[in-house]
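Given next, in structure tokens, is a single chain: the form predicted on its own.
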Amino acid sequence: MNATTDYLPRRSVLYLPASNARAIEKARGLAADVVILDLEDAVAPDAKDQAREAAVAAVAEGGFAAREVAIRANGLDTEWGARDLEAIAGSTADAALVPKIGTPDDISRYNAALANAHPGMQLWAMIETCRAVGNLDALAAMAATTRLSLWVLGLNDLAKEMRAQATPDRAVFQPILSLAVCAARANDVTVIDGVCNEFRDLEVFRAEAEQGALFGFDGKSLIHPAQVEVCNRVFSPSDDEVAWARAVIAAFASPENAGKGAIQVEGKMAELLHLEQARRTLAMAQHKD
């Protein structure tokens, strides 16, 4: 990926129940970068079929502007999963998000279920099981041979399986957060942080989003529209970061620095790796507002 031309903002990834037509209509006017129409956790068993039809219809209707729209399916091991994947494969959605993967074979099964989907449809996967945590590198490597392109962490399900205590600093999960980011980066997979369950106190949300940005996530998944604006701000470069990026790019473009791998910029050492980071920062800044 060329960071300068191909950066795709995925700062804010908003879940919406596919069965809630009013919420979907509202989402068309929100500043979320990605909308996920949920057929899994947010939909009661007796509403699954209706939600599936509603999700496909909403995608077909459009109106989401430039934002990506994904549909989260129920697992293939449930009574709804196969029908979900068949419907998603026949839709114009940008991606199918699949839950509770554990092994590369799981990725292969979901990839096969999308065999008849349009060429641009991506496979996104939830990282929310203990088995997945033990297979992060192998799972991410599947991006080379399948539609897999993005992970979303699901810490609520992971906490339940681990029997772990969730705390505001997410101390229990911090090693997993780092490992997930490293595995994703090694295989050019976008990685999205898990949801913050506190949607009434935006300062609590902000702190968790800032932690995710510190760990290197591309963005964060959200459960309420009120979180979108804060999330976009946290995962966008600051004015100081943009100014530094411009200075680095200008310095490396100067004839006197031609061919150099390390130079001095405003009293600081800058290497070619900083030049690449600077280009990405400016690409991100184009979506800041």
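Please read these numbers as outputs of a predicted model, since none were measured by experiment. A residue's number is simply how far along the shown sequence it sits, counting from 1.
Note that the form predicted together with a small molecule isn't included here; everything after this is about it.
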Within 4.5 angstroms, counting heavy atoms, which one of the listed stretches 22-30, 255-263, 236-244, 56-64 is next to the small molecule in the predicted complex? 22-30
Which residue, Ile249, Val230, Ala47, Ile223, has a heavy atom that falls within 4.5 Å of the small molecule in the predicted complex? Ile223
Would Glu68 count as touching the small molecule in the predicted complex under a 4.5 Å heavy atom rule? no
4.5 angstroms heavy atom contact with the small molecule in the predicted complex for Val181: no
With heavy atoms only and a cut-off of 4.5 Å, decide whether Leu14 touches the small molecule in the predicted complex. yes
Interface membership of Phe199, the small molecule in the predicted complex, 4.5 Å heavy atom rule: yes
Whether Lys100, Cys130 and Leu177 jointly form a contact site for the small molecule in the predicted complex is the question; each needs a heavy atom within 4.5 Å. no
